[in-house]
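The chain below stands alone and is given as structure tokens, in the form predicted alone.
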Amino acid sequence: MTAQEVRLCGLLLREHFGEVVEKVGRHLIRSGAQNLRTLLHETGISIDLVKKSLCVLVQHGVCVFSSGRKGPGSPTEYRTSCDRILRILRYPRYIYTAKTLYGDTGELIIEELLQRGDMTMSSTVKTVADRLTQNMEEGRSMDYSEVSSAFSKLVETHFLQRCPPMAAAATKNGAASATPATPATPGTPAAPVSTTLPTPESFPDCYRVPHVTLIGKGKRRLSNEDGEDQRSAKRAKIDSETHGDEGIYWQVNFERFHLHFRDQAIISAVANKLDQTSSEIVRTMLRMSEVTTSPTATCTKPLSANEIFRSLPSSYNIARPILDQYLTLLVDDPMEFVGKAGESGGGMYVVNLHRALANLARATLESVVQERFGSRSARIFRLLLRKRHLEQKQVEDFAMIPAKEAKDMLYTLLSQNLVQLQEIPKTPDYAPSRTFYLYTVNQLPTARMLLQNCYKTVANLIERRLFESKESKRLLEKSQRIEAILASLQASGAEPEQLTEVEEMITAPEKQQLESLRLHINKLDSAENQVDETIFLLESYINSTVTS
């Protein structure tokens, strides 16, 4: 955990949950596990606000709690980590992926669950069906069964999973806001002193969809002023209905999304390096290995050429001899995305997941050096990555760059910690005349340094976006009020003259300023998402290297 990670986590918590939750979250990040009494004393926030903040953090899976370290009966302790909070940065990507794979229905299901933290299947289906119906033309509505089907598909492919029983019970029974001495799971023996918490996969019913009795269609929101009162009056009746899934809460399986992002990055890299057919072969291999390969494995389970041939999409129409040629090409490629593990069954092949991530991270580092220091510095950087250790004279000769320029570039890269200098003395006195000075690149530490730079960049982008919005707060509020008035007039069937009169309440300079602001904010949002792709790639490479 570094200062840049803490800063970025604080900005994400403030933007999504407010300043009080940010203060509590930052304190937990810096201090580690804390009980309620210590949190109250050290943050100086009222007990009511601290309890509500902890409820919000627990609800969204950002904070976890367990029995105290002093044994059974000791105050419950709360802890959070930067990794959990940094997932918030990737929310748009999760939603977009769900939309790509499962359409608008899948998109709204994931969006609702990310927004609420966890929900029952029946309440999710109702909310999503109502939202889809609202956007349909008059007279049409979304059937609950269609949304339930999309929900079941997301569970089958493990993009959704049940919350662990302890977390679900705690979130709903208010254990997060209970007194410190309350056990984590009421009605069960106190857990032994341990920092390990149950994971969803440790329960047998993690991906079992309950039988939900939901019949009907989505309802439109009433546009008149009495609509909210009518809905409030009916809410107790609606909520009291039973659908067969009471107490079963669902959450987004972030790890499954991360595996999908990793596979897509590998497929895209193969397509760019070779061609579309090669990428389709690798996609087929990854799809076949999804169930059998551990998330932390360095490579997939071996697959025979016969199995790969049978599993290829029929639309590609690849003959068996052509497939063998493509597999040989992939194995011989220097990037080593695919490796050969044996000769049985026409040849056994694996996808080298760790090697692929290492090569993608390496390409990212080279790209950064080229963008910041130019193509000649990138040539030197690539040379050091390939040759490992070189003296200054060897760098000049191999890179074919004049001595003075090569020296300046090496010292610039050295000052930025992108290149390291290793001293190998011939004698114990370290005399400069009798010492070899070798330049080298250590990929893992360099990737870690670049990752911290990425965190800093995203934090700067968020701060800039918040500043831009704050500066134009009055204009944005005026624009929102006018949009609300227009929507109300359109719903009540107002005359075109009335609509035009309301629209003219925003002057031409204000419209121009709003357009400029929206353009800037869109650019900042887009930059955040692009930097997050680099962050994901570097994090995946670092985690893969550590576990392997």
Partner chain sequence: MADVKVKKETNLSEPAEVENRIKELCQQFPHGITDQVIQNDMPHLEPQQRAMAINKLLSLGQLDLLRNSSGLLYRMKDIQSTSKMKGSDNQEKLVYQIIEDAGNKGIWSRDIRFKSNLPLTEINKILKSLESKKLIKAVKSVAASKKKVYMLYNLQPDRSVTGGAWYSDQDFESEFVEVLNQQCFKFLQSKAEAARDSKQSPMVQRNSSFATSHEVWKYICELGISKVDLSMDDIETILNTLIYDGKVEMTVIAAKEGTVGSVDGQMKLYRGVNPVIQPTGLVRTPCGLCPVFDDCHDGGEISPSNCIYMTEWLDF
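What you see is a predicted model, and the numbers here were worked out from it, not measured in a lab. Positions refer to the first chain, counted from 1.
Missing here is the form predicted in complex with its partner chain; even so, the following discussion is about that form.
- Only one of Glu156, Asp332, Glu246, Glu290 lies close to its partner chain in the model of the complex, with a heavy atom inside 4.5 Å, and it is Asp332.
- Checked against its partner chain in the model of the complex, the residues Ile88, Ala363, Ala305, Cys82 give one hit for a heavy atom within 4.5 Å, which is Ala363.
- Annotation: in the model of the complex, residues Tyr326, Arg379 and Ile401 each come within 4.5 Å of its partner chain through at least one heavy atom.
- Figure note: of the listed segments 123 to 131, 437 to 445, 270 to 278, 74 to 82, the one touching its partner chain in the model of the complex, with heavy atoms no more than 4.5 Å away, is 270 to 278.
- Its partner chain is not shown here, but in the model of the complex it comes within 4.5 Å of a heavy atom of His520.
- Remark: Lys387 counts among the residues lining its partner chain in the model of the complex, judged by a heavy atom distance of 4.5 Å or less.
- Under a 4.5 angstroms non-hydrogen atom cutoff, its partner chain in the model of the complex lacks Glu477 among its neighbouring residues.
- Although the partner is absent here, Ala527 lies within 4.5 Å of its partner chain in the model of the complex, judged by heavy atoms.
- Within 4.5 angstroms of its partner chain in the model of the complex, the stretch 438 to 457 places a non-hydrogen atom from each of Leu450, Asn453, Cys454, Lys456, Thr457, taken in sequence order.
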